[in-house]
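So this first bit is one chain, no partners, the form predicted on its own, shown in structure tokens.
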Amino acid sequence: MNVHHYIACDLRSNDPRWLRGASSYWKSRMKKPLHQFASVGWMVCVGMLLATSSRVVALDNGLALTPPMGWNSWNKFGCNVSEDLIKSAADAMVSTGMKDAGYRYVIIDDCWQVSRDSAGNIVADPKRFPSGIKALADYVHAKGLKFGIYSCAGTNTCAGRPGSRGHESQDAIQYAAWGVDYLKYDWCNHGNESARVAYGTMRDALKQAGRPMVFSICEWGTSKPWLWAGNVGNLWRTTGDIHDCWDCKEQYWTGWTRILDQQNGLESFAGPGHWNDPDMLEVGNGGMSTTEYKSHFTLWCILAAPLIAGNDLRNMPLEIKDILTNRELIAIDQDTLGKQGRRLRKNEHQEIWVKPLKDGSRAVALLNRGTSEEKITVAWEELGYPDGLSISVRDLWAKNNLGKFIGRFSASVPSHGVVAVKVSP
């Protein structure tokens, strides 16, 4: 039931007199036969209102209406970050054409901070960031880009640097003064505090600071944030950390195909301003083949995932740049309908993933997890189209029109590869 369909049901109300009145009404009506209720909707609304003891604060920052695109330092550089690295990454984002392709955020991850001063203000490493964070943000902004930073909901970050617990408002004000546009907020050393409370505290602090910042929740999906974070963050991690491999697993990180498996079924929780985040891209970091990186990038676009590159932008081979700047696939990720794709079918090594688009077409990925080339077929009826319809198909990697097909489309897909098409009736 959508409670907003009922005039009497307003969950935004926080008037205790109204709630007491509703309670009295409920008690009096419970003495009557059930059929005397004027509306089942009214019954449900009253129950929901009585269960709502405080006002729900919605995340209304107007940001990330399509999945954020940018670059983050962690996957390639870890703690080896510096002012020069971030500046050169911003330079490369412009010179390589990534900015023109839609990438905007330059995000410094953990290890930029070293301590707090006597007033409790967070202090950047003076050796690695001699000009300070404000000057670094100004440099990034001068490139026509946006600047992101990292902190943690715990007392210390995952790398043991000062976290934001107990300093949320102070840090948010500092970030705003520096010109921060994006905050990635991690989940180490948080004690017994619940994720929902911790992230809600920082959400409110960011709002009070007065500068719009994309809020990226990074608690690794442990508390199923897709169930509660829609009014807390603009994106939330759904799994542990990604690793630069096709299919591997350790205690804290996994290969991208295992992360992909965990996204299926979460599609209903994503949309403009609030996205499932399967973690940053590993494209170009050296652990996989070009074919596997194409598959990785394609599926992240089908998932409407944030496209946060994690490679060395300064030294990209042409084939890696071509993957990251494929505008036709980026358009699929950034489609304003805001629908996350889902797995349509899985058959041993073969998978079909589909994403509905605003113009009524579908983006379809034929993924081959097997060790040899396989033919994969998708039928129009599986996509919700009439079987006899003649439909145009465009190859999003070859960037050419394949013609019109009736009933189905088939393609030979290489091992660990993908064929990505746009199907337009």
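We number the residues from 1 along the sequence you see. Since we're looking at a predicted model, the values are computed, not measured.
Separately, the form predicted together with another copy of the chain exists; it is not shown, and the next lines address it.
Checking G191, G144, P126, G286 for any heavy atom within 4.5 Å of another copy of the chain in the model of the complex turns up a single hit: G191. Among the residues Q262, S88, N231, S169, the one placing a heavy atom within 4.5 Å of another copy of the chain in the model of the complex is S169. For a residue to qualify, one of its non-hydrogen atoms must sit within 4.5 Å of another copy of the chain in the model of the complex; all three of G120, I173 and V197 qualify. The closest heavy atom approach of R258 to another copy of the chain in the model of the complex falls outside 4.5 Å. In the model of the complex, at least one heavy atom of T201 sits within 4.5 Å of a heavy atom of another copy of the chain. Contact annotation: R161 falls outside 4.5 Å of another copy of the chain in the model of the complex, judged by heavy atom distances. When another copy of the chain is considered in the model of the complex, R165 lines it closely, a heavy atom lying within 4.5 Å. Partner proximity in the model of the complex, defined as non-hydrogen atoms within 4.5 angstroms of another copy of the chain, places exactly one of 220-228, 72-80, 286-294, 112-120 at the interface: 112-120.
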